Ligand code: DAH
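Below, in structure tokens: the form predicted on its own, a single chain.
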């Protein structure tokens, strides 16, 4: 698609949107027009945005600028229509008499939060891949949160400034009197499952975890994780990569790109960072870190009574907020927690 074609589509869309917003006679008609042109999932503006990827590389900056200008003009037209409808009240003396026999207005119904929608879809997707859901407590002891995961006492991840330890006052201590804390990863569920059953194991755990991170576009002190664990004879890194690639293509679409970067985690060896592709508003490809993965460290298998000579396993952990944001093209995960009904209404 040439730059001229792209700009022509934008101009036609801008004109149609302005006409539709101007013609809206009431709030219901205006909302219908908003969904048609500005809807987050199937709006016509979103459909044109997807055409950015087809514009020649040298024209992408100009195309991105044109898109942003058109988007601003459409949003301004919508805001003007809102203002027009809100200020065009009918004089009370001219209003029709109120009919008490008419039924009351239908109250709007809420719907499921986008993160909860994502969690339920992930459960269904991983269930079709043979993984069952496991759960565990959000308040953990140091054994399950650190030691069983091959994180020694000297490791910086156990620093009190890096975790939410609970005050000893009024709190029952954990294993052998150890202090308790809010879990920093759902890997604790994997330990509890392996302690309670022999291999083979194929589970996922989803839930809240807590870390004293500064809130920004990709971090939050409380967030959701999905962790996967498979332990069996002859499990390999190739199996892990296949599962993650199948997960990405099934949940995010067949054109998604995924890459693995060598890394280090105490509980896996070898370890990798998992990145997935992301197209910004200008259509440029960039990468977002989604989580970590790797082969389960033999020390972790030994800690739960498994024989590392007999079985191997892989594990992965991804941030649900980042996966949800990637799917819906949300650039700041803090939007999910602001309780802005105008934002949540899109999903």
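Positions refer to the first chain, counted from 1. This one's a predicted model, so the numbers in the text were calculated from it and none came from an experiment.
Keep in mind that the form predicted in complex with 3,4-dihydroxyphenylalanine (DAH) is missing from the display, and what follows is about it.
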Report yes if any heavy atom of residue 316 sits within 4.5 Å of a heavy atom of 3,4-dihydroxyphenylalanine (DAH) in the predicted complex; otherwise report no.
yes
Is it the case that residue 211, even though its partner is missing from this view, gets within 4.5 Å of 3,4-dihydroxyphenylalanine (DAH) in the predicted complex, heavy atoms only?
yes
Contact of residue 294 with 3,4-dihydroxyphenylalanine (DAH) in the predicted complex (heavy atom, 4.5 Å)
yes
Please determine whether residue 185 contacts 3,4-dihydroxyphenylalanine (DAH) in the predicted complex, using a 4.5 Å cut-off between heavy atoms.
yes
Just to confirm, with a 4.5 Å cut-off on non-hydrogen atoms, which of 78, 220, 247, 265 contacts 3,4-dihydroxyphenylalanine (DAH) in the predicted complex?
265
Heavy atom within 4.5 Å of 3,4-dihydroxyphenylalanine (DAH) in the predicted complex: which of 225, 150, 163, 118 fits that? Just give me the one.
225
Work out which of the listed stretches, 102-110, 136-144, 225-233, 120-128, brings a heavy atom within 4.5 angstroms of 3,4-dihydroxyphenylalanine (DAH) in the predicted complex.
225-233
